[in-house]
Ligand code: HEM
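A single chain, nothing else alongside it, follows as structure tokens in the form predicted alone.
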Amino acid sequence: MEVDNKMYSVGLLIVATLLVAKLISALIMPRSNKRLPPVVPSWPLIGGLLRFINGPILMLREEYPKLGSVFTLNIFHKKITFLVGHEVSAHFFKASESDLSQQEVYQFNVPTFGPGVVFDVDYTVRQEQFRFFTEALRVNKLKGYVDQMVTEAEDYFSKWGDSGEVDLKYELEHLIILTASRCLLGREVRDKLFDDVSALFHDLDNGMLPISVLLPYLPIPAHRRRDQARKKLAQIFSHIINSRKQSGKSENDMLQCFIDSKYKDGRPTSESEVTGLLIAALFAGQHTSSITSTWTGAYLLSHKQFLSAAVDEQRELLKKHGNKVDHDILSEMDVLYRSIKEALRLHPPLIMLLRSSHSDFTVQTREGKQYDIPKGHIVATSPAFANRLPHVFKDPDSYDPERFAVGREEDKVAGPFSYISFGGGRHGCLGEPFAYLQIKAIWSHLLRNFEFELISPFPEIDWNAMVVGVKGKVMVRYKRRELSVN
């Protein structure tokens, strides 16, 4: 009994000491003048982890009406502050790397891309490597790539019969990887090593799981296959690079651009860097193009008025140019461009963009509220949510390519960073022109040579994928026909 009383007294003393310490701390510590964003209600310790894992878009839909365009989610010791809408996103897209950094939040890509490239190097080196991408995607290079895109599309669809039923998603995924292999990875891969390289990229792709974001080096089977595939790809490209250098031959592809690239100090790219940059390029482009080309088809086949407009545009171009399709003719396809852009507005493959804040900054909402975002927060914005804000886009959940036509231009009227499917500002996607040309090359061929009918239900969104795409099959019935110009 005496022991119990002593234990009770000690417990009371500890509690009293903690309360006094907290009171003294509150009295003597200066109060923060920061206007912090509201916080999403969450569980102790784990914070909003479960809500985030269950779907960040669902969480945004629930919290945006209650908390507004700026709010913070606590996950363990991390604080993720969301900036929703163009009014509060300017700093996210325009800030320097020293203020808002990509490197820390995208470290999980390093095992896939490899050492010494992109997020495994400091900002100055990464900027030079991005310059290599820019040079590989200049207009004079793109014109050569378009010829290869058109050839790949013609060859691929020539194997279809006069009529039949296909899974459009499957067909476009395969054509995109063939096209990317030719334009990016090179003739050697496309002609001789496509099956091997495609299988290795498949293992790389499957090695990027949700758990990989938190624990990229966790020793699980998918990560082991990823690492083995990365090693074999390095060996393949090392052999190709050496063969090209020894033969003195030069090809019109991104591989050649990276081989020929040099840093400002005159140092040439290494074999390891060339391999890593190619993998990064393919990862950046393959998913976006295959997903967006599939959504474009599904929406056009479900909206006859927009499909008719896209077909009429092809008819006019056939009258003007005949059967020729090149870079300049693809650039004339405004109706098709808007059709693709609208599909991409509704379904951006990257639903969340992240940065790490290295300094405090302030944002102001459209209602005039100001919030101070502290150094150390992870800062996030969501193309998938921002692209459907009703005060920016009229009937935001409806498919309406004409919202981008001259006179409406809803993506520009509201202000910069209203449409962020390809990011924007300092870190805008370098491959955007390549992606549009690739999808246009495919769909211009399909519209000119086939009639289609969507025979499966309109597809759902696959929220469980790392890169959010189309769930299940997209079955279409096709019939071969040559588009009449009369």
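No experiment lies behind these values; they were computed from the predicted model shown. Start at 1 and count along the sequence shown; that's the residue number.
Unshown form predicted together with the named molecule; subsequent notes refer to it.
- Contact annotation for the candidate site: G114, V117 and S270 all lie away from the named molecule in the model of the complex (no heavy atom within 4.5 Å).
- None of 402 to 410, 72 to 80, 316 to 324, 353 to 361 except one has non-hydrogen atoms within 4.5 angstroms of the named molecule in the model of the complex; the exception is 353 to 361.
- This chain lacks the partner; the member of L172, A281, L185, L300 within 4.5 angstroms of the named molecule in the model of the complex by a non-hydrogen atom is A281.
- Think of it this way: in the model of the complex, the named molecule has a heavy atom of just one of P56, G48, P459, G423 within 4.5 Å, and the residue is G423.
- The named molecule in the model of the complex is approached by A435, whose closest heavy atom lies within 4.5 angstroms of it.
- At a distance threshold of 4.5 angstroms between non-hydrogen atoms, L344 is in contact with the named molecule in the model of the complex.
- Put simply, F133 is close to the named molecule in the model of the complex: some heavy atom of it is within 4.5 Å.
- Although the partner is absent from this view, M254 contacts the named molecule in the model of the complex, with a non-hydrogen atom inside 4.5 angstroms.
- Contacts between stretch 85 to 105 and the named molecule, counted in the model of the complex as any heavy atom lying within 4.5 Å, involve Q102 alone.
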